[in-house]
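Just the one chain here, the form predicted alone, laid out as structure tokens.
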Amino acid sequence: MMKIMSGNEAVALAVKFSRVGVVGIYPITPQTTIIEELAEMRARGEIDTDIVRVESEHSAMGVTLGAAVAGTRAFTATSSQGLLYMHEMIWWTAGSRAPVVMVVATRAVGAPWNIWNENTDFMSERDSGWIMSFASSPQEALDLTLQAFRISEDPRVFVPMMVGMDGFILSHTKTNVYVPSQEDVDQFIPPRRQPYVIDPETQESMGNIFQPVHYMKLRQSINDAIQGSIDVIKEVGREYEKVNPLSDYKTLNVQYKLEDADYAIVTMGAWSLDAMEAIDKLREKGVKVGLYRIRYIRPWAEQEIRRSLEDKRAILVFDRATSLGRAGPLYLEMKATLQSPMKGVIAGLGGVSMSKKDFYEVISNFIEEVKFGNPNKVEWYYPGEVKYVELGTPRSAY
């Protein structure tokens, strides 16, 4: 059944379909309507999920972790400063090997305050030991959230998983979404599985100090589980076709007109669709350019990326995030994977709009640079209407 809904509504529906037992909540824009939707479902008697309101995002993840290790399927959602505030508990959840699912509706990080979209908050957690996928549409937000429970709770994985989506652009924008049946989801997601259960009736401890070698072995086990999850993700993606016959999750990442392309564009998230429209225009002019969309930042599909991109003449990577003082994090990941000539573009931070016209301009300029010079550099791009904005500098104290 097709239904018009926003990304946040699609995520809430996926949580309902997954029969989640506990949701730890603390509202923050633009994630808030996920938990509002779940609360309304609870009030209407559509779910019997325990929705636990807490005083901070740190506690929201604490509740979610506690529920998970007690044997319950658990979920939470956050954004921006909230994600940073729960940063400590994100690492505790990974170190506990607790299957948990969280959705991050991405948003700029202060200071200064900014409620609009960028991906720096999400990308800042890529070393924390979670599997991390990123949606490009409300449909993918629903699909990836459902798959996250199945992947996270697979005995070959037992690692938490977060699903990112562009704040407001996906979280609040409504479009057609294929809604599966509860029966199909029940067939797809088995009863809760987890590596251990903390039971108050038994004498067990959790989180005690580890000897150095055991600590290092635990870290390696998380690393191996994330790298090994590539096969699980592909397997789950193939089986998901029974839930959504319109879906295609056979690979971790996604290609568009890439097979015969001389030039490759790399993107992640909602603006990939604008980039695809720009590619269509360039193709009409005979320019062989294609797109490679990152859907999983962890695990990093190194072999898949090499097979898809290593024969391209040059690669252009768009980041809606920064590693300040260095480059965009997606660009850094790609540079560590491929030896190809490569340019990074940082754009769209703090809600700065990037249109398909902007993509067309940046891609066209890049191809000219490849023809007549060295494309290896990183550029901050501002759309035409905001190019007059000057860089801010601190006032002198003297």
Partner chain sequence: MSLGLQDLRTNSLLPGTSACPGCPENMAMRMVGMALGKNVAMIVVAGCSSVIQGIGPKNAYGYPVLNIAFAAGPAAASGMWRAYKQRNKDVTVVVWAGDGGTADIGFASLSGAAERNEDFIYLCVDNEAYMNSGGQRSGSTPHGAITTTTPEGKRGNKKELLFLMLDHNVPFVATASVGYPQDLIDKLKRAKDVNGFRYIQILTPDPYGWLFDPSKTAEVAKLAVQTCYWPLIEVVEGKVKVSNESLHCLKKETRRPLKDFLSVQGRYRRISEKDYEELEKYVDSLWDRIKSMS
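Residue numbers count along the first chain shown, from 1. Bear in mind that the values here come from a model prediction, so they are computed numbers and not experimental data.
The form predicted in complex with the partner chain is left out here; the points below concern that form.
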*Can all three of R283, Q339 and M342 be found with a heavy atom no more than 4.5 Å from the partner chain in the predicted complex?*
no
*Quick one: from L218, I115, I198, L273, grab the residue that has a heavy atom within 4.5 Å of the partner chain in the predicted complex.*
I198
*asked:* I need to confirm a contact call. Of Q211, N176, Q303, Q182, which residue comes within 4.5 Å of the partner chain in the predicted complex, counting heavy atoms only?
replied: Q211
*Using heavy atoms and a 4.5 Å limit, would one call T33 a contact residue for the partner chain in the predicted complex?*
no
*So in the predicted complex, does G21 come within 4.5 Å of the partner chain, heavy atom to heavy atom?*
yes
*Would T72 count as touching the partner chain in the predicted complex under a 4.5 Å heavy atom rule?*
yes
*Wondering, does L332 line up within 4.5 Å of the partner chain in the predicted complex on heavy atoms?*
no
_Location of the partner chain contact in the predicted complex, chosen stretch of 249-257, 87-95, 182-190, 120-128 [non-hydrogen atom, 4.5 Å]_ = 87-95
*Heavy atoms within 4.5 Å of the partner chain in the predicted complex is the criterion; list the residues of 48-70 that meet it.*
D48, T49, D50, I51, V52, R53, V54, E55, H58, S59, G62, V63, L65, G66, A67, V69, A70
